[in-house]
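The chain below stands alone and is given as structure tokens, in the form predicted alone.
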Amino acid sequence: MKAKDRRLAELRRSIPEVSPEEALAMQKAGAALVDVRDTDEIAQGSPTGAHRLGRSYLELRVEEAVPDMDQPIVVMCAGGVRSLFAADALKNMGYTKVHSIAGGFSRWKNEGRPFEVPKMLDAEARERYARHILMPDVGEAGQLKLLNSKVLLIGAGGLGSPSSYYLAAAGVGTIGMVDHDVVDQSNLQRQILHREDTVGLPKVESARRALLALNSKLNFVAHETHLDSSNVEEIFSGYDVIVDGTDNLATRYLINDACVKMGLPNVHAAVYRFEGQLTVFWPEYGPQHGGCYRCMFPNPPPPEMAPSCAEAGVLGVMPGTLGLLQAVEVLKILLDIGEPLVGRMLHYDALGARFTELKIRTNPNCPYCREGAEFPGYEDYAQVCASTKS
């Protein structure tokens, strides 16, 4: 007898084998069904509700899917051989109730047990996003979620440039961008989407060229228009997250009000010379949501109290720093991982190299986000900042 056959005989004596019918009953009773076949095999079909972990990384990934060592596990491969080896590995890790499905997926399918053809990344996407897929918090399912997500950035300037660039690199499937301005020579100091050869072009066109050069599979939606109360809901409709990269307060209030009304997370950032701030306004998040932009600033200040970047100046890397942090918050929201900056504001002092976290509290009298409030309507404030070139 070959060594392989001797080992299989040993495994069959130590690993209980169950039929597909028994495995399905165990799954319905709470057992974890673990499919250890390769990706190309799983692409042809896999039991409904199975954990598709593959054999290569099984030991590294299984505890994320099945943290309870005493939860029953039924392991499946194509024909019932690899699953025995995988089940033995799980037993050695400390899992106490491990079974192998005799006949594997071939028998499961032939007997008419429920299965589905899962949505999966193609080979090119798996190579491109390999570093994401290796992370348990992202994985293939998370990458698919990103590819199906839609993010709208307001402004193709200093904040929108790094945010959109890294979101496109991360594989966010649809990126929309609102901007009515054209590329100016003074933008190039910080707005990294734009180049000398795009000076004079609409910013959304310059952004489209840069982002598609980075990721040709991206669905880029250009909104070359000024955002106002007449178009804000139509433009925001269908997006999952709004990224506020503006440098004028009138638009910030409009973004805030529309996001509150439509229940959308508003990833907000602002920069001033050597300082920046970042938060997520999202009243739909839960009781401790920390309110909205109007909870902090119910109405715009006088123009002289809110200078724009064009008036006050800004260190070129500051929007880059805050824009990258905005992208981080967007990805956390889309993947539903970590703790978004809801109810908290992160302040960055570049000269002192310090981050400070501030608590944001809901204004119980806020006419926009307080519990039970009826939406009071939009207010088209006069442009309280002289420039939108963030």
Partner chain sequence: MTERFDDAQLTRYSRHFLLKGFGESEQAALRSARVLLIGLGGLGGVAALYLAAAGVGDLTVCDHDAVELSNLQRQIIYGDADLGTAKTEAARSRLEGLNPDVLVRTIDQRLNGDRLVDAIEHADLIVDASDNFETRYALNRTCFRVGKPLVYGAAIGTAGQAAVFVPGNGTGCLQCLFDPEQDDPERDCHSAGVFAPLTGIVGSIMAGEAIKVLTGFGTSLAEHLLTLDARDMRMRRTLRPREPGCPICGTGG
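Numbering follows the first chain given and starts at 1. All of these numbers come straight from a predicted model, not from anything done at the bench.
What comes next is about the form predicted in complex with the partner chain, which is not displayed.
Colleague: If you check in the predicted bound form, is G352 within 4.5 Å of the partner chain, heavy atoms only?
Modeller: Output for G352 is yes: heavy atoms within 4.5 Å of the partner chain.
Colleague: Evaluate E357 for contact with the partner chain in the predicted bound form, applying a 4.5 angstroms cut-off between non-hydrogen atoms, and reply yes or no.
Modeller: Answer yes; at least one heavy atom of E357 falls within 4.5 Å of the partner chain in the predicted bound form.
Colleague: Heavy atoms within 4.5 Å of the partner chain in the predicted bound form: does I192 have any?
Modeller: Contact with the partner chain, yes.
Colleague: Test of understanding: in the predicted bound form, would V81 fall inside 4.5 Å of the partner chain by heavy atoms?
Modeller: No - in the predicted bound form, heavy atoms of V81 and the partner chain never come within 4.5 Å of each other.
Colleague: Between the partner chain and S186, A327 and G338, in the predicted bound form, does every residue show a non-hydrogen atom at 4.5 Å or closer?
Modeller: All of them do, each having a heavy atom within 4.5 Å of the partner.
Colleague: Can you pick out, from M93, M262, A141, A312, the residue that has a heavy atom within 4.5 Å of the partner chain in the predicted bound form?
Modeller: The option sitting close enough to the partner is A312.
Colleague: Between F115, F236, F85, Y166, only one gets a heavy atom within 4.5 angstroms of the partner chain in the predicted bound form; which residue is that?
Modeller: That would be Y166.
Colleague: Want to guess which of 26 to 34, 65 to 73, 41 to 49, 343 to 351 is within 4.5 Å of the partner chain in the predicted bound form, heavy atoms only?
Modeller: Selected stretch: 343 to 351.
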